[in-house]
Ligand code: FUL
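What follows is one chain in structure tokens, specifically the form predicted on its own.
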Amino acid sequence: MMLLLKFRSFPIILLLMYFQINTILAQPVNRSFVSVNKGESLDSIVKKAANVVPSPRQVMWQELELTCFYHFGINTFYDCEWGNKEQKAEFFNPTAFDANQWAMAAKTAGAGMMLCLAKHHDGFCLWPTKYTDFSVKSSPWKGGKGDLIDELSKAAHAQGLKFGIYLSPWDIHSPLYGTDEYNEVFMNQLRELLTGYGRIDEVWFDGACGEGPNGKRQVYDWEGFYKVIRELQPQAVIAVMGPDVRWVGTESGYGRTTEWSVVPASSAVLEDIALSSQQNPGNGAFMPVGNLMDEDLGSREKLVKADGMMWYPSEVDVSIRPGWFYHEREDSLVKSAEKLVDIYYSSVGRNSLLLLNLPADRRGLIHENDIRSLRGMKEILDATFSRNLLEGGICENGGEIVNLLTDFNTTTYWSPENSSSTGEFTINLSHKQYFDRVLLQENFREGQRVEQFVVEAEINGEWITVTQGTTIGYKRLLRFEPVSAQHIRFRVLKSRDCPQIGSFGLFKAPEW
């Protein structure tokens, strides 16, 4: 009887093993990181780097292009940038606060996300947390019954915007800061924010770590923080002290002219971040990859010395004013629309996301001067990129190429024949066009590959270089003196693998 039972069970066991094996095989391969073998050739390493790709959450984040950052809190009412342990909750009272006005400011700018401060280094919480009385519940605002995060998240989602939070790990006010218990409190506050306000698409950390009221510094439990986020809001990117997004290295608004989203990583980082944190829920301790202020982060020279590579894109943060919090004395120092456009070209146009800070004033509103600059920036950009002058042209390399390059879809692309790493195409416009801007995008979902390119125009029978560059990535925008031409040529001179050009456009900026 026992033998018969075993015999009958054997096919079932094989069947279970079959399904287990096929389930494992069917799981998507994590391509957001790759290891380098000892003694591996440079050509092999470079090709590996070309096929490292972003995770779905990183794709979502990159395509936002512009996120509005909101610094607002107790510092606003003390007219300072950095808090201190003597601040009192009773000073917080934004009598005209309007979350919808903040959301409309983001829409005016053309942003895709509102990233709102929930707690800065001063420790004052903009939601009624259970874990401290130093919050809105102890303020006169709305009789202590208010919740800014609730109102802001609802306003963002009502306008079709994504919503993120900035929760500072440093806390000048908490008597627990500098103890193991503080990390538990911080994680509990994360849980409140990640479970009580709908979908959260970004959690933003900085690395500030000063002294608390007891004179102690905190050893942050980054591993625990990431685990909470991955468990409760797995679609959210973790930036910039986190595994999904890195800081560009300055707060000027200007990124590198050569910006690689694939950067070297040590074996420890690859194991702890890319494997555990970047794609899957689980543990994972974060360590910055080298000096983020270096001009060169991802060149071949950097890659050849690495244990591996990971997709780790750049975020460029800047405030619309000199300060991060509102100060009345800076009302005349708001960046102009033209300056914001220049920053856009130098951040989004250099393969980065722009995080633009809008500090609300003591009324609880984004100031009129800030709104004016945002509106002007959007008008200039809309007027510039409203019409791709390539539309209607004919490509000598194939009839469908122009459509592929101008369909606003980077997953439809041009590649050189025979999977070559170099190549070119020529587009003949229906008539001469006057232009001074070029837009380029790679199919970045399949990696970042182009290392050198040139755009040329035929003028008086000769091919003249209009503009040229190194990296493209998600988006590259180039400005130059106006050119009038009918025949345009694009050439990839160097690439890490067969390039996939998802978008190409010629544009004319308006005269202002």
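What you see is a predicted model; the values in this text were computed from it and never measured. From 1 onward, residues are counted along the sequence shown.
What comes next is about the form predicted in complex with the ligand, which is not displayed.
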### Query
Thinking of Asp342, Ala383 and Phe435 as the candidate spot, does the ligand come within 4.5 Å of a heavy atom on all of them in the model of the complex?
no
### Message
If contact means a heavy atom within 4.5 Å, which one of 115-123, 411-419, 374-382, 221-229 is the stretch that engages the ligand in the model of the complex?
### Response
115-123
### Message
Within 4.5 Å, heavy atoms only, which of His327, His71, Lys162, Lys85 is in contact with the ligand in the model of the complex?
### Response
His71
### Query
Which of these residues, Asp361, Glu151, Asp206, Glu192, gets a heavy atom within 4.5 Å of the ligand in the model of the complex?
Asp206
### Touches the ligand in the model of the complex: Tyr166 (any heavy atom, 4.5 Å)
yes
### Message
Since only the chain is shown here, I'm wondering whether Glu259 would be in contact with the ligand in the model of the complex (any heavy atom pair within 4.5 Å).
### Response
no
### Task
May I ask you to check whether Asp244 falls inside a 4.5 Å heavy atom distance of the ligand in the model of the complex?
no
### Query
Should Asp317 be counted as a contact of the ligand in the model of the complex, where contact means heavy atoms within 4.5 Å?
yes
